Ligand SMILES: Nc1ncnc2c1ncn2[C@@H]1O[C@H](COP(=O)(O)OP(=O)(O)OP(=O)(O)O)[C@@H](O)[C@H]1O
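This document starts with one chain, in the form predicted alone, laid out as structure tokens.
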């Protein structure tokens, strides 16, 4: 999770309005640290290893990846909190390394958790403080604070102390803070982590409403169903590299098709696995073991193959279960990350 407070200077010049909201070219970021006796040994860690990425204006783009993949580092680079070691980064047509002060007033960063809010004052007082930091003109602050409180559904709780808020209410206040200065581009770092289902659904609804108003959103998430539901396109980051980016449908095709069959039974042998892989349309077979029972997961490109044909090939097995479902983004993600790790 990220942790930072932006101090904005109101821009005097706007950046170019055409072109993508984000353009990243061959970006690398290396961290250096020391360890060993008297910290004499220098250690270099490559967090980003040649990332290329474009996000269109008005797009809701998902950035997925396991812990340590480089998601947080990339968002920090995009939001001007870190400089890239090499490569180029443009946000809203502005080079973030050369002119970060022009980028910051036009972007918002929304964090999860308890940090970044002042618990002993009210939601309204929090937003008044941040509106000063973000450079919202004093004549517009009252109106703008009322607008964002209404947008996130906190009008009735505006004058309550934040320490009385539930986690879901605090997350809404984080979002209100992030959009207070009407950013063109919003970075959302795990916006629904730890929320109950109702609060998470409300947060997703708020995110959709922002995109409908023309805000570009880059979302990081560990919840695959959330990214599948919200995002126009997604990128999968693994070991500091983007291993795939496309629409969810395009990624399904990349890993072997829209259809997935799951076969559960006992004692599948190598000959049976080879026969399954040879079936028309089968692009991938993954084996998992659950005690004495096994699960075979088949990615299927063809619409012709049926569950009956698969069951017929394995008819010698008692208690065989064969079912079909649509390939999910979670399936795609696990396939891609597994391939990268192998």
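Numbering follows the first chain given and starts at 1. Because the structure is predicted, anything quoted here is derived from the model rather than measured.
The form predicted together with this ligand exists for this protein as well; it is not shown, and the discussion that follows is about that form.
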(message) Residue-level contact is defined here as any heavy atom of the residue lying within 4.5 Å of this ligand in the predicted bound form; does residue 307 satisfy this criterion?
(response) no
(message) With the partner left out here, check for me: in the predicted bound form, does some heavy atom of residue 106 sit within 4.5 Å of this ligand?
(response) no
(message) Taking any heavy atom pair closer than or equal to 4.5 Å as contact, tell me whether residue 287 reaches this ligand in the predicted bound form.
(response) no
(message) Can you work out whether residue 62 and this ligand are in contact in the predicted bound form, taking contact to mean some heavy atom pair no more than 4.5 Å apart?
(response) no
(request) Would you check whether this ligand, in the predicted bound form, lies within 4.5 angstroms of a non-hydrogen atom from each of 66, 70 and 222? (result) yes
(request) Mind telling me which stretch in 294-302, 310-318, 27-35, 277-285 gets its heavy atoms within 4.5 Å of this ligand in the predicted bound form? (result) 27-35
